[in-house]
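Form predicted on its own, single chain, as structure tokens, below.
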Amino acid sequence: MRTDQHAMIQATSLSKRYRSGHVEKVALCQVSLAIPRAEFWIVSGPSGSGKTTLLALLAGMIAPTEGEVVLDGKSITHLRDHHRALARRNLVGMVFQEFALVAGMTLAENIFLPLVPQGGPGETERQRVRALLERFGMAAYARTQVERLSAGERQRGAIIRALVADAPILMLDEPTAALDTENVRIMVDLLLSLRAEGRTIVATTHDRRLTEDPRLNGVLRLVDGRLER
């Protein structure tokens, strides 16, 4: 595969099939894309179109049936599970649709969870999180249990957690699903400020409040597992 030297995220002929007994389901079919560094792209499409599957493949959370994923010039497709997990931890911060914050824990405890496998946060990470909490207007909630936060506050907390390791790529699955219009505006402004600092951002959505934002670098549309051209 020829690698696009300007792309931070590249996929070539990416397919994902699942088998249940004698039935094979095609979740994604022959998707190719290249997203340049420091750009903000949306993957749109109706429910069931393959958006979440594509995001999981690009993030290295699952392996494709066919095709290749290259992040920051490095192929992650044929790595062993352990090495793919390390690549994902270093390159990608992930924000899940339901935020995946752990109830009963404080916001700060949730934010530091991705660092547990490497022994917890050091002073560099603690300083980074303090700065992000201030920047995102969340410093007052650091010791608050996450179930007591509003949807917008949980969303911002989940984004901070995705940034705790300072990964150059940020991926978000349906980030506006639980947000009102004002919180969508706050979130998009924060994401645009991260793009301005050099991060590459990809979000899945079928929300027109996002897909029609003129400040995006581009929108890719999935229908039945295929990219529309």
Partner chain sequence: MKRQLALIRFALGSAHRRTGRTLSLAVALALVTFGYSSVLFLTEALRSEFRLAATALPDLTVQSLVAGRPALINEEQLPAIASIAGVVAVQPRVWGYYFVPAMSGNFTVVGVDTDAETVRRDLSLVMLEGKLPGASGEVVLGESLAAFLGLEITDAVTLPVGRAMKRLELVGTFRSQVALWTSDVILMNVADAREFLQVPPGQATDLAVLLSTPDEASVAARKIAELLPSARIVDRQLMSRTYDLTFDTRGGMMGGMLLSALVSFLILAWDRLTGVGPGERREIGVLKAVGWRTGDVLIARLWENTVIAVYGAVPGILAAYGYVFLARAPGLAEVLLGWSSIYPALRLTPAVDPGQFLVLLCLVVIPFVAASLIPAWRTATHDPHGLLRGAA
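Residue numbers count along the first chain shown, from 1. Computed from a predicted model, the values in this text were never measured in an experiment.
Just so you know, the form predicted together with its partner chain exists too; it's not on screen, but the next bit is about it.
Within 4.5 Å of some heavy atom of its partner chain in the predicted bound form lies at least one heavy atom of Met61. Among heavy atoms of Gly152, none comes within 4.5 Å of its partner chain in the predicted bound form. Within this chain, Leu113 lines the site of its partner chain in the predicted bound form, having a heavy atom no more than 4.5 Å away. Taking the partner from elsewhere, Pro117 is found to have a heavy atom lying within 4.5 Å of its partner chain in the predicted bound form. Of the stretches 175 to 183, 65 to 73, 49 to 57, 189 to 197, only 49 to 57 has residues with a heavy atom within 4.5 Å of its partner chain in the predicted bound form. Along 17 to 31, one residue reaches a heavy atom to within 4.5 Å of its partner chain in the predicted bound form: Tyr18.
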